[in-house]
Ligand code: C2E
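In the form predicted on its own, a lone chain appears below as structure tokens.
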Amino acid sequence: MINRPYVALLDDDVALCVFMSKVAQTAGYRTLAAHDGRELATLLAAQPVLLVLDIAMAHMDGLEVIRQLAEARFPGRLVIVSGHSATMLQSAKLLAELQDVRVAGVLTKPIRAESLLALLQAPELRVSTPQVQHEISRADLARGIENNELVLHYQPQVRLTDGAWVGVEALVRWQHPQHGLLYPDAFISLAETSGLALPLTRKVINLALEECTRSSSTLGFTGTLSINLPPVAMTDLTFPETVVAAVAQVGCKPEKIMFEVTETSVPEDPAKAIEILTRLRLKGFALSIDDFGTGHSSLENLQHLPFSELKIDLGFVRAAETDTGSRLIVESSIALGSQLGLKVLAEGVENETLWHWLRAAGCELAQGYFIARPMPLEKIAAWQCEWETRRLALVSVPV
């Protein structure tokens, strides 16, 4: 037990720190708490993998703490909490990300144990230690891609009206020969800054197509396969032909593939992006706008780019239980997507309360830990059996 990682808690609410400590210890962590931002150095000395930060503290507010985390190059991840509005939380999240502080999520007070636990149990907290990241070079990643060391985990997506399994999102991992299973935080930034993002993406696409096509007969799955696209894919004019050839090779249909594009990944000069994304749609592929609501040009992207799905950011979904502003944003996004003829998928569905609320609000699809965590393909069959029992109980509840 001596190697259990630390979670640091920085909140001037002593009782809340005690509560969060108990939740973190249940998840297998050691905890260290402070109630004043001026004690940040003490917390960082323990090298926590996660810092839970209240942005509204006396003496030194959370925004000052975020600046100090950036200056210290904090290698862990940050969870931002507050009793203020979700807009305030999203502003703090944006501020952190602009300073290269990695944000695991935001939580609105009062904090629910299951919401905090979902963040604490994210597997990347266990494996993406700063020491592992610093040891990885461009040559190492290039070799990993070439030697087929990338593996995929799949997170199911289901329909809220009847709980039917309708899709999976393919999420890349790296089975490193020395460091074990690495999650995206450990290598995606390196890929994007070293010119390897496109080779990595092509490898992911080929692997996902091969695995899903090969297993379709055993799982009986005929739904959508979602794959994330990096910004560089929207600057490569040969990309549409590349994926058409990959799909044809395995005998899959383009309409079964959903490419996810985050708002912030659309290049500042959108000419190539518009051409590439429009050509993908012309060839039959579906397009999803991911993390909707977090970018500066949400409505503009919807107006000019040929999306077929709107994916509501998990930060707004998680906060919708307790924050009126987040609830209105989610409801407005559902209504907007419906009016534009788009499928609407809510990320971050982490408990039954959110499931029933989204269902009543008219959201079509859901994805999140309440439904399933990302898993290797061989575990999908067991999840499918377990989910069949759960979904029947869920959809029996009147809307």
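The structure displayed is predicted, hence computed values, not measured ones. All residue numbers are counted from 1 along the displayed sequence. Under this definition, the rigid core comprises the largest set of C-alpha atoms superposing within 1.5 Å between the forms.
What comes next is about the form predicted together with the named molecule, which is not displayed.
The stretch that touches the named molecule in the predicted bound form, counting heavy atoms within 4.5 Å, is 348-356, out of 348-356, 64-72, 330-338, 28-36. Proximity to the named molecule in the predicted bound form, taken as a non-hydrogen atom within 4.5 angstroms, holds for one residue of 78, 88, 172, 119, which is 172. Proximity to the named molecule in the predicted bound form, taken as a non-hydrogen atom within 4.5 angstroms, holds for one residue of 168, 320, 277, 229, which is 229. For the chain shown alone, residue 188 is a contact residue for the named molecule in the predicted bound form, at least one non-hydrogen atom being within 4.5 angstroms. The named molecule is not shown here, but in the predicted bound form it comes within 4.5 Å of a heavy atom of residue 204. For the chain shown alone, residue 309 is not a contact residue for the named molecule in the predicted bound form, no non-hydrogen atom being within 4.5 angstroms. Taking the partner from the other structure, the named molecule in the predicted bound form has no heavy atom within 4.5 Å of any heavy atom of residue 48. Applying a 4.5 Å heavy atom cutoff to the named molecule in the predicted bound form picks out 349, 350, 368, 369, 374 from 349-380, in order along the sequence. Annotation: Cα of residue 173 displaced by less than 2 Å between the shown form and the other one, core superposition.
Shown in the overlay between the shown form and the other one, fitted on the rigid core, is a CA shift at residue 77 of 2 Å or greater. Between the C-alpha atoms of residue 350 and residue 103, a gap narrowed by no less than 3 Å is obtained in the predicted bound form, as opposed to the form on display. Relative to the shown form, the Cα atoms of residue 309 and residue 105 move apart by 3 Å or more in the predicted bound form.
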